[in-house]
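In the form predicted alone, a lone chain appears below as structure tokens.
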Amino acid sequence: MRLQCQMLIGRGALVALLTLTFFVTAAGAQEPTNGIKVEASSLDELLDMVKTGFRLEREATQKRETIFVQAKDLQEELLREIEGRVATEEARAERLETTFAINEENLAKLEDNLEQRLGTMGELFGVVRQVAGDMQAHVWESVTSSQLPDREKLLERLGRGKELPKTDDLEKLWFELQREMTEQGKIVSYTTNVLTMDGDEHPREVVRAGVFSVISDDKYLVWDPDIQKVRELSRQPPTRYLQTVGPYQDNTGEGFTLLAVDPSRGSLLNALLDSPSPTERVQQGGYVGYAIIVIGIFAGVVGISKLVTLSQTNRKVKAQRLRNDANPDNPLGRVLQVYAQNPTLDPEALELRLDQQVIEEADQLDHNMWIVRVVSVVAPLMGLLGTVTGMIKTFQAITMFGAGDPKMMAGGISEALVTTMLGLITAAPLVLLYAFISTSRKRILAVLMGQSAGLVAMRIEEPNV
């Protein structure tokens, strides 16, 4: 028993020693804070400090618990307040819905009463609304709006409003109908804002021919309903239409002057603008088209030059036939010179010399004629080549984009048809030109061969032969 007590005392002393060592070490490791001395100088003082720490910690915990409870109470109070507001608003919404339903019923009853009291006048005002709506759509598309703005508000109010129109409104509607019909038959000049291709807007004096055309500065303009403005065109129509604008603008009111108008109010004009010009149509032929044009022009120049030369030679041959002396500036004169320079040759030798000279003259007359003939044959073949390449492009477009959009195939088809057209246009004049050249050549050769045969006959008939 005594031994057990000694062992317990020993264990308690050991634990106390370790505890004191821990507190001493911890206390020694702490640094003074806020001017309060935290280092213990003895075990009792350390024990007091531990007790004081436990007490302060309990007080801080109690304060936090008190603050948390107070915050919880405040949140519960706010929750109850918000729930009260929600309930109030829901009740208000129910009252408004009930009021709205009652008003709808009352409105329907009032509309029924209004229709009953209006009787046939309701149909009349319905017609007024329909006419105002149609008039509004017409005015929106009409170029007269560039001269007579501010009609939209009245027509929109009459066409879409549910209230009964007033007598003044009916009179204004009738006046606008009459004025629109009158203005459509007028040719007037006025100033309005014109939207340029640069996006700028400038006031400009324009001439309106009814509702069909608007012109200014020798150019056509167009009314754009989307922006409710007169704007410039991206390109002007062909010259035969554009050349009527200037004289029409310069007309002082005396006599009549032609002006190309668009009765479709822009559709035909836009179609003309989409039509390619002659230059653009040639460009659609591609490289094959350019090649046909180049060789055609070259062959045409050669052919015309050859035709002029043969015509001059033909005139000289005709003049030589009326002269006794031989002039070497023409083929017949050179043949006669051969006869004159060989007076002692026998008829057979003279015939050979004359045939040689005629062959040389024929070769001279045939010079460069092959160019005209070859090009007249090659040009349609090149046109056929362009047709093949154009169809290949068309089938490639169909393969890539399908056949749903004809515009995707238009490029290849245009090339195919334009090259064919260029080939035929080039070949037909060259064939005619070659026929004229060949006829002139044959006529001159016939004269040379006839005269040569005559000279041989004269040599045979000479007495010394």
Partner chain sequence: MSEIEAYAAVRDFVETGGDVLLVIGVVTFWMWILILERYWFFFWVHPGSADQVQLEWDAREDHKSWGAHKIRLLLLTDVDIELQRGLQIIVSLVALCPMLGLLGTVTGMIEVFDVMASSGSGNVRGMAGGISKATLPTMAGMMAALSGLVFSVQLERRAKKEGRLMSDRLITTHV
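None of these values were measured; they are calculated from a predicted model. Positions refer to the first chain, counted from 1.
A second form of this protein, the form predicted together with its partner chain, is not displayed here; the remarks below concern that form.
By the 4.5 Å heavy atom rule, the three marked residues R321, L350 and V418 all count as contacting its partner chain in the model of the complex.
The shortest heavy atom separation between K407 and its partner chain in the model of the complex is within 4.5 Å. Among residues of the shown chain, L47 is not one whose heavy atoms approach its partner chain to within 4.5 Å in the model of the complex. Interface residue remark: R240 is counted as part of the site for its partner chain in the model of the complex, having a heavy atom within 4.5 Å. Interface residue remark: A427 is counted as part of the site for its partner chain in the model of the complex, having a heavy atom within 4.5 Å. Just one listed stretch, out of 53-61, 39-47, 419-427, 66-74, contacts its partner chain in the model of the complex at the 4.5 Å heavy atom level, and that stretch is 419-427. Taking its partner chain as positioned in the model of the complex, the residues of 428-451 that bring a heavy atom within 4.5 Å of it are, in sequence order, A428, V431, L432, A435, F436, S438, T439, K442, R443, A446, V447, M449, G450, Q451.
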